[in-house]
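A single chain comes next, written as structure tokens; it is the form predicted alone.
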Amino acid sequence: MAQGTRERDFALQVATRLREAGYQALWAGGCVRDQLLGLIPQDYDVATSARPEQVRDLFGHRRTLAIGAAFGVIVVLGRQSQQIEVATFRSDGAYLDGRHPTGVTYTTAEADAQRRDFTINGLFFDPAEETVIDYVGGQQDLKQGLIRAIGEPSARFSEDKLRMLRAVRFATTFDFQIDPPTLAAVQSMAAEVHVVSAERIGGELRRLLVHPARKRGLELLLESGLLAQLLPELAALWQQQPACWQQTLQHLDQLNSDSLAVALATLIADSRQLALVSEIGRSYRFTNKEIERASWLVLKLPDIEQSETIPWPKLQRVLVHEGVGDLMDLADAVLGNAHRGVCHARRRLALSPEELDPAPLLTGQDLIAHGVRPGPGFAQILEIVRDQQLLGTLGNRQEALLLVDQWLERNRGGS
């Protein structure tokens, strides 16, 4: 059974159980939106008239977690590792920290809809009646392809500043327009996005950058004023060099990869400011592996560009790296898949394993057995032997050891 089907079935079971106990129970938010868009929801949320303690009594304390009980949210656990948040209909108090309300008041479904961020996320679905319940005009906005804040946009964004970035991300991933008053509110409040934690901003940037429509995402970040706040060094550079901005957009549009590391490298590739990879990555809590891979991609892209002219041993070490698939994706986007260097690198990659990456003629153990003491020149000797092997001047272990002896003799002579 597909993951989406299992989640849907569990969400139906939870709603049915609540309904049979005499409570109103509706699916809420993103799962309703996705269903109406013809997408398969990846998770479901249930909104109910039952209070948190009533939800726990109904499903049992062993099958529930009171992680968000202070805000009316109980997590119900399924028997196949499913988890569904069951939230009591509520109205929120003031958001003094820009993320959480100071308190909640339990209320009706209609009032609950008014506290949500965008109309397309303020929809309910009654799984028993199979009907959509819409108090905010979300169905019409879905049909029109519009991201519109519920109520006063500035009030919604004041409650949680991350919603400004979410507006851009939703418009990007659904190919929607942002309602003009909603966009105007983002533009006027963009500088306030810094109150949001780096992890939450990073999560939204990640989802935007790995999406195929990332080019439009960057354009919306610029239009909304968020680009200068979130990527200030790049925004300043692109403002000074409009041609670089247009090139970067084109490359993002041509990128065929869902890797964050490749997307981050594409952002930096035209400016070649390698330090920005680490700065951006660490600012938004991307993983060390992603930062290291993105840095390596930017650093090695010139090797693909110049693959026809650089020494084969140098190119070979790039082509046998575990990240070469990402590097070729980057090269296709930035240089173009018809670029001579890219084509040459692909021809080399098509070599047989024995030609592309032959087994080394010597290892460190071989050098020790030959009487070479580990020291500063140890790695250098192995590198020289490997280079000559790849160039075809050495054909066997005996020739390699002879080269080692010659190197050692020259080295002694020069000491």
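In this text, all values refer to a predicted model and were calculated from it rather than measured experimentally. The first residue of the shown sequence is 1; numbering continues from there.
There is another form of the same protein, the form predicted together with ligand ATP; it is not shown, and what comes next is about it.
Put simply, S352 is far from ligand ATP in the model of the complex: not one heavy atom of it is within 4.5 Å. Put simply, R33 is close to ligand ATP in the model of the complex: some heavy atom of it is within 4.5 Å. Among residues of the shown chain, F170 is one whose heavy atoms approach ligand ATP to within 4.5 Å in the model of the complex. The closest non-hydrogen atom of R216 lies beyond 4.5 Å of ligand ATP in the model of the complex. In summary, the region of this chain contacting ligand ATP in the model of the complex, judged by heavy atoms within 4.5 Å and restricted to 135-143, 272-280, 227-235, 200-208, corresponds to 200-208.
Only one of K300, R166, R293, H251 lies close to ligand ATP in the model of the complex, with a heavy atom inside 4.5 Å, and it is R166.
Only one of Q316, S257, N121, T88 comes within 4.5 Å of ligand ATP in the model of the complex through a heavy atom, and that residue is N121. Of the residues in 15-49, those that come within 4.5 Å of ligand ATP in the model of the complex through at least one heavy atom are, in sequence order, G29, G30, R33, Q42, D45.
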